[in-house]
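First, one chain by itself in structure tokens, the form predicted alone.
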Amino acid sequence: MAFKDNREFIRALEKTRDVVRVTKEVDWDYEAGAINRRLSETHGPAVLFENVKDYPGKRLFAGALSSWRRMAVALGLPVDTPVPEILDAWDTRIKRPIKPVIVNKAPCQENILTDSGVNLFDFPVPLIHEGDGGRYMLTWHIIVSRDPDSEWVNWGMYRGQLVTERYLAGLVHPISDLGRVFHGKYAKYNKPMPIAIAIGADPITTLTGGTPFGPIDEADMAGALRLEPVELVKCKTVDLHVPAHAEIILEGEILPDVLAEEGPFGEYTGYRVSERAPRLIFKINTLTYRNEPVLTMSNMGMPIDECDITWSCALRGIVKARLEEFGIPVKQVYAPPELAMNCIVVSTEVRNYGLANQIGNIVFSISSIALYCSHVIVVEEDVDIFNLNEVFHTLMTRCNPEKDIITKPLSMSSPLIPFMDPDDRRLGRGVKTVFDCTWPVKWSTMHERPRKSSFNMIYPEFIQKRVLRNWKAYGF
């Protein structure tokens, strides 16, 4: 059974001991962000701050999906479900979209404020990292918009910094779904773009806003992953629907002719990269929220945080499906969250020369992948790609630096990639790399391939079984 809201999810995390309620007063100015950041870097629990300085009765929740354990709980799986099984469940579910259900009354509209009554500083919006351009209210949320021509409703997740009581500035890449529609169909004709922003929906519904599903209604995919339809309610002042059980809803518009300074911000790569620059303005005209609202926060930075886990699930499914479309004998695909979305590992059966390069070309032809991912590592099926020790050992021992590292310059890339030259970053121009960690095809006939010296490869099967059978008898 899916979680109806974020509050049910928090109670479930309490049962699995994957969340801590902090009752001691915590300052929204750096302290809450520092606690959340350290929890991410030490594989700690999620955190619910119940006593935020200057904000009595208002709570702040962080780290919803910063671990595979919490992703399993969010999907309704046993908390100790292995990563491959979590990914298999994701892949199976997204093949069966479930349409949302429209309701007439919703908790997210228990309180309604309009125009001059709107003050976003009434919420415990944190100053997350030292050096951030301001207080970021939008880090774990959904921005809802509609294509005026096709009626396609898009959910996206774009960071948003408080500017004034009713204005936020956001980083929206022109090639993103929201960016293409806004610049091509609203700003082009000097028209404001209606939007609604949902903060604090259940974690699976929220993560779909940051998942590159392509031109499909993310509400349907949220239903697929939840195995139940999402309940949506119509906004009060814009013709859009939002998750009915979210904590906070911001209704407004993106202005076509006004920009504000935004950034920098500590990003998903683990670095503060983007410069402070004029960016799009979100004007909030109406604010609705639940009684005793819980603001949500994701502290981007060194892995692992919500972004890493979410994209690990999403990238794997997209890449695996595309490789199979091209007839690649792919065995497994994994985007290790420890590598901050910047690397995809593919295991395959090698049948022909140039297979790794072919795989790289296919992966980098997917725009939603190429924007963020710079590296592809290709290994053979004997490598457990969910074990980074094996992956890196294979990279160091099977990849010939002279022959097996393939670079692809002048490639599309996100301006948030740290290693890019500042000029290239501004142009969105980067480089991609494929590491071919497979044995040369000719070695199957010309040489005996080096045999891996590991428990399951260098001992006869009867010895392996005997050792495993007697493991506890040995005293281990």
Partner chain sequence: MRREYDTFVSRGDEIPLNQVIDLNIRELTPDDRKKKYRYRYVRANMTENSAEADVLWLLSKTTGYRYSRPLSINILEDLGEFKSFRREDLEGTTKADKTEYEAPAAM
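Numbering follows the first chain given and starts at 1. All values reported here derive from a predicted model rather than from experimental measurement.
The same protein also exists as the form predicted together with its partner chain; that form is not shown, yet it is the one meant from here on.
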*Stretch in contact, per heavy atom within 4.5 angstroms of its partner chain in the model of the complex, of 434 to 442, 66 to 74, 52 to 60, 32 to 40*: 52 to 60
*Any chance residue 386 has a heavy atom within 4.5 Å of its partner chain in the model of the complex?*
no
*asked:* With a cut-off of 4.5 Å between heavy atoms, is residue 251 one of the residues that contacts its partner chain in the model of the complex?
replied: no
*Is there any non-hydrogen atom of residue 183 lying within 4.5 Å of its partner chain in the model of the complex?*
yes
*residue 276: heavy atom within 4.5 Å of its partner chain in the model of the complex?*
yes
*Would you kindly say which of 164, 81, 109, 342 lies with a heavy atom within 4.5 Å of its partner chain in the model of the complex?*
164
*Answer with one of 127, 113, 227, 370: the residue that has a non-hydrogen atom within 4.5 Å of its partner chain in the model of the complex.*
127
_Going through 126 to 149, which residues have a heavy atom within 4.5 Å of its partner chain in the model of the complex? Please give them in sequence order._
127, 131, 132, 133, 134, 135
